[in-house]
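Listed next as structure tokens is one chain, alone, in the form predicted on its own.
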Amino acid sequence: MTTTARAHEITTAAEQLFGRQGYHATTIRQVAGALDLQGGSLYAHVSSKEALLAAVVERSADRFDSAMSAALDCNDDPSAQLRHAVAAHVGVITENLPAATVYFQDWRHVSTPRLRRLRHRRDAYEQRWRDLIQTGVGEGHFGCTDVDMAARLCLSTCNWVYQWFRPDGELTADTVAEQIAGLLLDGLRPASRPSIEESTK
């Protein structure tokens, strides 16, 4: 896929249509129509519908990577970094729900070798969460014994937000992130008991 401004517009249009209608239910003609283009004109910028899907998923992966990098760049302890990571991840999802829907639901429709690259990126992203949690365990901030399970729990909890979050709902994205981070760090312990951060001081 080309990297022109028009290609960016095409990716954005596909992102919204795939997210609302589903990848299989969306046609190239519909993507072109959203931009007042003829269906054939689209192929000057993208080789296939699958290539367009890959571009949409790659762009979401870029957003998650950038957000995670910003969260980890702070000089806070692992507990605070985990809160930042949750907020960053939830923020990417809630800022563009159609894109998140495509990222979580349709990425497997990409064929090899594109699928191999996407799997590698997802694995690398998950590894960043494992590394953060492992650092927290090593420094005494977290008490979990299974870092892999902890990372999967964090990501699964955050990822499911795309299914139920509504921009016009009662909860803001910031509130959702704060509540998720609080539950991940402190679980369901009574408020009167010390939090993880307090118990390790």
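None of these values were measured; they are calculated from a predicted model. Sequential numbering from 1, following the sequence displayed.
From this point on, the text means the form predicted in complex with another copy of the chain, which you will not see here.
Another copy of the chain in the model of the complex comes within 4.5 Å of no heavy atom belonging to A67. Taking the partner from the other structure, another copy of the chain in the model of the complex has a heavy atom within 4.5 Å of a heavy atom of M149.
Although the partner is absent here, V176 sits close enough that one of its heavy atoms falls within 4.5 Å of another copy of the chain in the model of the complex. Under a 4.5 angstroms non-hydrogen atom cutoff, another copy of the chain in the model of the complex lacks H120 among its neighbouring residues. In summary, among the residues R114, H109, R128, H84, the only one with a non-hydrogen atom within 4.5 Å of another copy of the chain in the model of the complex is H109.
L171 is the sole member of A51, A44, L35, L171 with a non-hydrogen atom lying within 4.5 angstroms of another copy of the chain in the model of the complex.
Along 15 to 32, these residues reach a heavy atom to within 4.5 Å of another copy of the chain in the model of the complex: F18, G19, R20, Q21, G22, H24, A25.
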